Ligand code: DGL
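The chain below stands alone, shown as structure tokens; this is the form predicted on its own.
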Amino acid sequence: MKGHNPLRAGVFDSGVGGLTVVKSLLEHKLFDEIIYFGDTARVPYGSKDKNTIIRYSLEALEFFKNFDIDILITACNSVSAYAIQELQEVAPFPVVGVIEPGVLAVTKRIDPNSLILIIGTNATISSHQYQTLLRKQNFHNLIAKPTPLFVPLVEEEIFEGEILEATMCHYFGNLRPDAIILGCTHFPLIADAISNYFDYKTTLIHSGEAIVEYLEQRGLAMPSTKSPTIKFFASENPEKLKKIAKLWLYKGGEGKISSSTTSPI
């Protein structure tokens, strides 16, 4: 890790979901440049087995070695659940996942006696990473529920409407959690719809909100003096990624897209 700003960060996700993490990085101006790679040709990772997720993650790491980055943020919860250790062992720069920041946010904002609903892909939920870390922090009133259909809906830019409503009804039914952990970085893109589904105040937690504090606490990033630029790369259809990025990241916010390129992965 270089001991000065500006810093260049890599952000890796299976698709567009990692943009929710990028949004937080932009708002706090932690880096001068962000290199984003979405493995859109192979999304979602959450339906893959552990060994496949690890293999895909290590292939993405080779891509990031082409850039002089100071840190890699794996914005995919499935990667953070299964491949973070393998990445940290071989990467020439620090690698940070999103599950620990998400748990950090829970411990700071939610009472331990609250009923917490954890939603994510099949891979993330079956890894038990959130459940294990939360129990270590004395959170025991947990419901962990895989909600994989949300990922393709977000990838298809379905952020509201009847299809999403029916999917939420299918997954949530009559559940009444005090807090919901959005255990997939795709899910903040439908956070408003999820919040509106419940007829009472429930707290939504996602790692994009916590990643900034997590990085600053560990001395892995400091605020920059200028707005970051972003280079987008995708394994398939980078223009779609760029389109969603403009919609999600630049609603009067900071930052500038400097390129959009297809990766050879």
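Residue positions are given as counts along the sequence shown, with the first one as 1. Given the structure is predicted, the values throughout are model-derived calculations rather than measurements.
Note that the form predicted together with ligand DGL isn't included here; everything after this is about it.
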Heavy atoms within 4.5 Å of ligand DGL in the predicted complex: which stretch among 138-146, 89-97, 167-175, 121-129? 121-129
Can you check whether I69 is within 4.5 Å of ligand DGL in the predicted complex, heavy atom basis? no
Can you check whether G208 is within 4.5 Å of ligand DGL in the predicted complex, heavy atom basis? no
Could you tell me if P44 has a non-hydrogen atom within 4.5 Å of ligand DGL in the predicted complex? yes
Please determine whether I73 contacts ligand DGL in the predicted complex, using a 4.5 Å cut-off between heavy atoms. no
If we check ligand DGL in the predicted complex, which of the residues in 159-198 reach within 4.5 angstroms of it by a non-hydrogen atom? C184, T185, H186
